[in-house]
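Only one chain is given next, in structure tokens, and it is the form predicted alone.
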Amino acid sequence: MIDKTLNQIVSKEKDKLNNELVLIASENYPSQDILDLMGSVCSVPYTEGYPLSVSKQGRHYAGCEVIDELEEYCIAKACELFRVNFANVQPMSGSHANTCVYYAFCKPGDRTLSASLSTMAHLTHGSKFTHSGRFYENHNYELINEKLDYDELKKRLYEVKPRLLITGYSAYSHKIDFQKIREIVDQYNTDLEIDTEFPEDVAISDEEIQKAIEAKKCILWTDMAHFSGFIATHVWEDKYDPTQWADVVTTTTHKTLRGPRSAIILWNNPDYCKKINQAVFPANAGGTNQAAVAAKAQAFIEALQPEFKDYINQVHTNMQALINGIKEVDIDHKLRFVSGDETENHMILIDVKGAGITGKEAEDMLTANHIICNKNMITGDIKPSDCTGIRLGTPAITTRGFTEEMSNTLGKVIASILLKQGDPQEITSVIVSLLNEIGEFYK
């Protein structure tokens, strides 16, 4: 029997989820099937290593025959969903998957190039507070007019000469042209090969020369954790699909993919298989929780269904409707949409300084009304605690059944709260009405 206190805590969390409107762009509501698999008996076996189809070393413990079948099935579904050749489904989180990419392609002290944390990047893209900034020499490319500028990225690539170019975002409302970035990196690597010189008085074989050049070339890595649902459904043009252009791709399996809180690594080049798989195990993991692998497989299967594409399109429609609702109330433009007031994905970043509040104050004001978002840094902010932005996303409310009209109404409510306009009782009444309309998600 479950401990009484634990049972009460879990029940409180379920009630909270059912009675809140979650606008955190990185959160979603996985199906009950996925939650059940996360707690299944597949977590029991100790599963260090890989199936023989992945590594000739196999598992380090006996008794994994069924688990091998499970992991192979999950890999196959990940490759089918994202149309790639290879996948590692063992990482337990996005940060874990990202750590493995650094380990696979970098040595301590190598240079990396990413967007800055205050514009669009994740902590594991080189923040000094994480291993990525502590063990590697990270440099940044900045946004121009709050948009990704490919000429600026190219300039910084040639200046920094990084081993890893990190693309992807945690707080950006537009697509990225990965085909264009691939062309920039390919040209850079060609120029690097031409310009690399070796001492004439030292005997070096052609094989050694090529190996030395390959070790210097830039690896293009995309962290698509936030927008992987759009990539899984192939609703964007191919040029916006990093799985077609990046050397390696990481993604969480929650967020827009609506799966368990976990992660995977994807790639196409067979030469990278050993590097990446060994970077996961044994370098950065022991025995994997195979219950999470089962839950990931279920998420991929759900995302392969036609209705998931409808869901992803609705996520985008709802996000734009929410933005429009905010604009309809904020006629004095006190709430500024970072990177413009049109989104191409599932999120928007809002500068709240014009309303005379901080990001933390905005977060608290919305939370008091059962609307959950997160404070977020924007360009010019020095530290998260003093940030002046909030981030809003629609994956979770769309899962719960929000329509375009409901999202527009919610946008109006958000603006009314942040601008301190309207009758508080009326605002509460609208929020209650929205919650009643979607009903409970977890029974």
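Residue numbers run from 1 along the displayed sequence. Predicted model only: the values in this text are computed from it and were never measured.
Below, we refer to the form predicted in complex with a small molecule, which is not included among the displayed structures.
- With the partner omitted here, the residue from S93, S127, T317, N269 that has a non-hydrogen atom within 4.5 angstroms of the small molecule in the predicted bound form is S93.
- With the partner removed from view, the residue among F308, Y169, F105, Y240 that has a non-hydrogen atom within 4.5 Å of the small molecule in the predicted bound form turns out to be Y169.
- In short, of 251-259, 130-138, 323-331, 363-371 it is 251-259 that has heavy atoms within 4.5 Å of the small molecule in the predicted bound form.
- When contacts are defined as a non-hydrogen atom within 4.5 Å, all of N98, H122 and H226 contact the small molecule in the predicted bound form.
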